[in-house]
Structures are given as structure tokens and as C-alpha cells.
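Given next, in C-alpha cells, is a single chain: the form predicted on its own.
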Amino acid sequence: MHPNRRLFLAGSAAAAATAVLPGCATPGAAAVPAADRAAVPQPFFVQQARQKLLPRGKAPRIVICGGGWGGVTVAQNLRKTAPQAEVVLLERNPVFFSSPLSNLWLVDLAPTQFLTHDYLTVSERHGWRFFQAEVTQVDRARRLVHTSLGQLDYDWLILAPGIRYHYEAWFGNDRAAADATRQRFPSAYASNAEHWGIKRALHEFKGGEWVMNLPPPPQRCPPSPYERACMIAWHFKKHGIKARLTILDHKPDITPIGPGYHAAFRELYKDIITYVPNAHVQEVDPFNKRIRTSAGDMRFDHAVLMAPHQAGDLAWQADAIGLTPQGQATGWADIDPLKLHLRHDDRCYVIGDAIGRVSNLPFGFYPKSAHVANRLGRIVAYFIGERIAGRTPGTRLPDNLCYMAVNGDPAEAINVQFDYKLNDQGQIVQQQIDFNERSARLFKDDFLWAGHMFHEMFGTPKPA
């Protein structure tokens, strides 16, 4: 394969307007001339991109694009920090599906109803607006968001777009190869629907070679692919499936909590999991089920193929991506690390996985995790509330907490924590604490952590 490196980032956004007539069409009726068809009036709720989605009131309007962990958190917290504001959340999915604990859900250790939540119910209960809509364009100069349901102006904009798969790095502009990879071997790191594809493939798998590759950093939730490998291996072991799982890691070793994962691979799954470091992907062939890396080539029966990660499409559409000193796109939103708004637009905040480098120290990026997205949502809600009230916000930094299951029976997990502070030079400093010894307590704490998060975000019962 010889990739053409022309980017196909945005794709097309063509829309077709359809005339709606009362009653059924009469067979054999004469066709309406095309010139006259445009004059047929459309019902109001037929999607028209140029119509106003909401009338403008007197209250300041805050529009949130993206209903993941960060987007829902900021909507809920804005009702407390800026109760006078009008808060609108735009999300293309009808319901929320949690990526945290989804690896347990893949092997039936977490119920679907625990991970899924309804946007409309929580928005009505807490006094903010929800629209299931696709954001098609962001005009920051005019403070205008274009959606599949119409236009929406704003005073404050919060982008929570998550990530996109940078398939261009593998396939150039070969959309057929990218689509085949996404559909046949999804990674379930950017689209909720992909989780169902992986679960179906896992439960139908009869044996053979299963391959997982890890993208280069920064990536969404760095420890979670190793957790997924453990859960898949546990599923093979439990059901007596003769299979091998090979992890092709771009990095030279497992990070974070490498000792804990290495112990699990060695002590629980030594006959199932093979870990291969420094496996930089060089070519992917989804049609012939083949992957070529700097550590060797493999053929597979099934795979979880993870292209490099970048900020979600919306960040690119909003012209929020940073540039290197050489003028190349960094792939991530260019934010002020302490204020969380774009460097060149203090009315546009970015939260969650899409944000770029926050420190010149080696760690560079906040972990792209649900916990960090939640904390950034809280912080931005505070920032906007203070600014609307005419006050200067103080500095606030997030923290991070991740639990990773490594065994299903007995149920055991490991854990990693991150804390952040400013040093004397005003740089953000990271402290990391690994808990490498797997335990049943940490497995239970994973569900307690999620329960507390869902209570804050969706008003579910608070865990005891």
C-alpha cells in the first residue's frame, strides 16, 4: 500500500431537502418541474440549517458542544455557578454511554443500564436545554454554531469534542481502507456504537489470533487498552477458547502502572497474552487481515486497531488546533493551560481529551481520561460563573484517578492517581502514584467511583 498523504479530515456535509406533500403520491401523476419544486413550503421542523434553533433571550447563553464526561459535567455545574445563564448542550448521540467500565461490560461484568444515561431527562430536571444535533460548523468570529437543526448564537462556547482517529497517518486519503478498518476492527475509543461491534465480535470469536495495537502518545485513557487485553484474555480463559492475544505497543514499555500489568500478564494470562513493545505501525491491511510493524509482521483472525488519536473533528472545524513552531498542526486544541480557553479566543473554552499540551515538563499532557474531563468541566463552570459575575477566577487544576480491572474471577483491579500543582516557575507539575498490587477492594472502588460520577452528572442515587 502506498498512502497518498492528502488529508481527508472534514469529509463532505451535503444535505438534501425533500418536499413533504399531504397524502400519498398518486401513481402515474405528472412530475413537478424542478424549477417549481423549490417553492413548495416545508414544515417548520424539517431540518433547515439556516433557521434559528432558539430565540435569543436576555440571559447570557452558554453553548456546550459535546455530551461526554466533560460536557455533561459542565452543564450540571453551570446551574450552580451561573444560575442566571441559559445553558444549551448539543450532542449527536441520543443517550450517554460510558467508556469507563466498558471493558467490564464487554465481558458481562458490568450491566448496560449502569453505563447508559438519558440526556433529555437530566436536562429537564436540572434546567438546561438538550438538543440531539450534529454540529456542522463553528463560526467563532460571529459567535455562531451551525447544527443539523439550525443555527445557535452564544456568549460563551465550550467545546468538548473528544478525539478522532487519525486514519490519514495509516491510509492517506484511502477512505475505503479507513472505513473497512473502522467497521471491521473498531477500537471503541471515539464512537459509542463501536462498543457493540467489539462485544459482538468477542462473543462470536471461536479462537485464533487476536491482535491489539496501541497508538503513539498522547492517546485517550492510556492504561485502558491493557485493561481491555486482560478482560478479553479472561473471557478466553473462562470459556476455554483457544486463542492468543498479541499487544503491539508503540511505547517501549507499559505505562502507567507497568509492574501491575506485567504481573497480570505473567501470572494470569501467560499462555494467552504476548506483549510486544516498540511495535510502531508501518502498514495496516484490513482486507487481508495483516499488520506490519517495526517489531515484526502479523496476520490475525480479529483485531482491535487503534489509529493515532487527535482532537475530535469539531476542534478542527472551530479552528482550535495549535501549530508547531514549523507551522504544522499539533493535532490538539491550543489552550491557555491555566485558563482553559483558546489562546486567541477567551470566549471559547475546551475541555476533555481534545486539549493540547499544558506543560513543558516531560509529561506534557493531562491524561485523556473521563476523570480529568469531569474535573475540567467543573473548573470551566467555575471560570465562566466568575467571569459572568464580573470577578477574576482563581487558578484551579484537575486531578486524575483511574481503576483498571485485570481479573474477572476473582474480581481484581489496580489503580493509578495523578495530582497537579504549580511550581515556582508557574509550570504545571505532575505527581503520579501507582497501585500495582491487584485487589478485590480496588475492583469495588471502580464501581463506587463511577457511581459518584453518575450521581453528579445524571442525578442517579448516590452510592452508599
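What you see is a predicted model, and the numbers here were worked out from it, not measured in a lab. Heads up: residue numbers just count along the shown sequence, starting at 1.
FYI, the form predicted together with a small molecule isn't displayed, but the following is about it.
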Non-hydrogen atom contact Pro215 with the small molecule in the predicted bound form at 4.5 angstroms:
no
So in the predicted bound form, is the small molecule close enough to Met404 to count as touching (4.5 Å, heavy atoms)?
yes
Partner contact for Asn77 in the predicted bound form: the small molecule, 4.5 angstroms, heavy atom
no
Though only this chain appears here, would Ala373 touch the small molecule in the predicted bound form if you measure heavy atom gaps against 4.5 Å?
yes
Three residues, Gly66, Glu134 and Ser224; all within 4.5 Å of the small molecule in the predicted bound form via heavy atoms?
yes
Among 235-243, 97-105, 256-264, 326-334, which stretch has residues with heavy atoms no more than 4.5 Å from the small molecule in the predicted bound form?
97-105
Using a 4.5 Å cut on heavy atoms, which of Leu314, Ala229, Leu305, Ile384 is close to the small molecule in the predicted bound form?
Leu314
Quick check on this chain: which one of Glu86, Glu168, Glu91, Glu194 has a heavy atom within 4.5 Å of the small molecule in the predicted bound form?
Glu91
